[in-house]
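As a starting point, one isolated chain is supplied in structure tokens, in the form predicted alone.
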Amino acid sequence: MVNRVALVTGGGRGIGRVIALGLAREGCHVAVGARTRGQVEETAALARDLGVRALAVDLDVTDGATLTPAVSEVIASLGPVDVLVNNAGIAESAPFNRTDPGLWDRHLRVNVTGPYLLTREVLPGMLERRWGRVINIASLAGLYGAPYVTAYTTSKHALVGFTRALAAEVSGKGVTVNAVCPGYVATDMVWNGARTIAARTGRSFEEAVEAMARINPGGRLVEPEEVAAAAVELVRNETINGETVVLDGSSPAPPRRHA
């Protein structure tokens, strides 16, 4: 993995930041893309502290016109993209009868079309060099149904389907395509969801977090470091292709690593 170049979307915070730093610790040079310039600059600085080259990239996965220049910037600064981590995503909840077309379209644009567009940008080079890794951060919701998140669940099912179909297409060509499917992860997405639940139900924030943790089969929140470890293993392992790596809190939680 040393000197490979990785592009991580949604890398300014949460899972994306931890994945970017996990890859940096393994010797990958990392480009961190998101709309939040200050946050990706901070992640890139933390990666440089680990001894690799890093680049903060202004990136909106819903704006196809900006993706080619963004990837060109990464190639010019760090080199061809060997590892693409499609992590940027959104999750909004609503009963189906209040799931309006705008909410529906947002989930498909960010969670499905964004990974499709970025993968199209970098896959030809991977195939030409006969080495590449595409890692899609999906969700347990990409494998099972859940109430009040129809748009999110649909988008993550689509991302898993995209993963499996593309993996079959590139099989034997030096490129692997896999998905990581975590349950609720201890990040801002859960904290924000817990605040919404608390406001709507009268529960305390702590009670709302605990309720979300209990939804995971393991009864606890998944740690971001677990998602990063899965991503690192998928980069390292050349035989895993077309798989959905399930992280549901069933195994003991790892110790937290602070940046």
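One-based numbering along the sequence shown. Please read these numbers as outputs of a predicted model, since none were measured by experiment.
Although it is not shown, the form predicted together with a small molecule is what the next lines describe.
Novice: If the criterion is a non-hydrogen atom within 4.5 angstroms, does every one of D60, A88 and V185 touch the small molecule in the predicted complex?
Specialist: Yes, because D60, A88 and V185 each have a heavy atom that approaches the small molecule to within 4.5 Å in the predicted complex.
Novice: Have a look at A230, V190, A44, I197 for me and say which one sits with a heavy atom within 4.5 Å of the small molecule in the predicted complex.
Specialist: It is V190.
Novice: So in the predicted complex, does R13 come within 4.5 Å of the small molecule, heavy atom to heavy atom?
Specialist: Yes, R13 sits close enough to the small molecule in the predicted complex that at least one of its heavy atoms falls within 4.5 Å.
Novice: Would you check, heavy atoms only and a 4.5 Å threshold, whether K156 touches the small molecule in the predicted complex?
Specialist: Heavy-atom contact with the small molecule at 4.5 Å: present for K156.
Novice: So, in the predicted complex, is A167 in contact with the small molecule at a 4.5 angstroms heavy atom limit?
Specialist: No, A167 sits far enough from the small molecule in the predicted complex that none of its heavy atoms falls within 4.5 Å.
Novice: Report yes if any heavy atom of V122 sits within 4.5 Å of a heavy atom of the small molecule in the predicted complex; otherwise report no.
Specialist: So V122 does not count as contacting the small molecule.
Novice: Just one stretch in 168-176, 95-103, 137-145, 72-80 has heavy atoms within 4.5 Å of the small molecule in the predicted complex, so which one is it?
Specialist: So the stretch in question is 137-145.
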